[in-house]
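Heads up, the chain below is alone and in the form predicted on its own; it's given as structure tokens.
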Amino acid sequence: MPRNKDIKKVLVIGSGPIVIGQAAEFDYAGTQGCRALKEEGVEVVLINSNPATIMTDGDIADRVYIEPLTVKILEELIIKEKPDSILPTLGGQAGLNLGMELEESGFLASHNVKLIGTTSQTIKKAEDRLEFKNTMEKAGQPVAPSLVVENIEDGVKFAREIGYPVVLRPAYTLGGSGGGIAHNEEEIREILSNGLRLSRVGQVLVERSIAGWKEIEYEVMRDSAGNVITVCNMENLDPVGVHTGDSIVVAPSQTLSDKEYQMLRTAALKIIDELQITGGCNVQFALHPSSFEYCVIEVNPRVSRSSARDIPSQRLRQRSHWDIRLMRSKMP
């Protein structure tokens, strides 16, 4: 698919500070994305609060701003630079959240700026825990028994019903921040309190623990015409229970049978279609180590750490070009 020639100037949001021990995957992905945009003749404006990155080098973008990653700063930058589009999917959860806040406030629409690389509807379906659960059930994909809560008491009550341990997943947080595994009521109260505070929308998903299952990821891309490809699949060295950002991830997977590989690949393609994603996404599965039982953990409608860490350099560069070619997304 040829790129949308209406896109002439793009504001790329970086991911900000890098967590020590998790390398610089978002920096690498963002750098390749900026280069691919420039090669397509698109003017690139980059904002990132972290100066210790390759992507903030002067030759990576046409203009580089090292500023705090806040809604206020982004609004000021959009007014100054007047981009026609904003690309948040190369900046991790930080970039995605900022793009969503700008979209929801109506600021982008009022300044004729399009959200590209994804859509606000897709972000909400993937990031809002209740929306995500409902979407997976509609797609016929299994998820662990769970409940979205907005207060501590509801979470405690549900945990008593399904039994401990339980996994707590706040909505719209980066790197699993505010989440964890609770083994008793004291722990769930502590984790829920922190998770509800950190969640942008005050939501935490309480679900049955599947710690110890294999954690498998698929990188999938889809264009606005519905064409879908699987870029690669990956396997976390550590089982579910260790956040993927803190684990070693191997691509391709090493312990899956062909039946398991094809089963999860088919599921990933169904999921990206149901979410109507226009761009790239990372689908995370939990697979029982001794049966074919699986469930969907989450979907990142953006580049994830695993995306950038494990796709070989040339393929990641190709992926960046795919992102550009997929920019004929249907905008909300």
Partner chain sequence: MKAFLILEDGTVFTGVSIGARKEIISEIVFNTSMTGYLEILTDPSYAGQAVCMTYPMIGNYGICYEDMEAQRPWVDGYIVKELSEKDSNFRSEGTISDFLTKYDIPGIAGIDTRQLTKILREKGTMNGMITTDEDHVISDIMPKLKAYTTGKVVEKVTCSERKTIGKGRRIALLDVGTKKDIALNLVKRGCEVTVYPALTKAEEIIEGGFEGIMISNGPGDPKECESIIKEIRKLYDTDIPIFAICLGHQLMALATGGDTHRMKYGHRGANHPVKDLATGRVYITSQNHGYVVDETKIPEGVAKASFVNVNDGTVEGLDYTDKRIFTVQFHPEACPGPVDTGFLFDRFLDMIDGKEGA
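Nothing here was measured: the structure is a model prediction, and the numbers come from that model. Positions refer to the first chain, counted from 1.
Heads up, the form predicted in complex with the partner chain isn't pictured, but that's what we're talking about next.
* Asked: Any idea which of 106-114, 160-168, 246-254, 142-150 reaches within 4.5 Å of the partner chain in the predicted bound form, heavy atoms considered?
  -> So the stretch in question is 246-254.
| query | in the predicted bound form, do Val156, Arg189 and Ile210 all put a heavy atom within 4.5 Å of the partner chain? | reply | No, the whole trio is out of contact, none within 4.5 Å by any heavy atom.
Q.
Would you classify Ser291 as touching the partner chain in the predicted bound form, given a 4.5 Å non-hydrogen atom cut-off?
A. Ser291 belongs to the contact set for the partner chain.
Find out whether any non-hydrogen atom of Leu269 is located within 4.5 angstroms of the partner chain in the predicted bound form, and reply yes or no. Yes, contact at 4.5 Å.
According to a 4.5 angstroms non-hydrogen atom cut-off, is Glu260 in contact with the partner chain in the predicted bound form? Glu260: contacts the partner chain in the predicted bound form.
(message) Would you classify Asn227 as touching the partner chain in the predicted bound form, given a 4.5 Å non-hydrogen atom cut-off?
(response) Taking the distances in the predicted bound form, the answer for Asn227 is yes, it comes within 4.5 Å of the partner chain.
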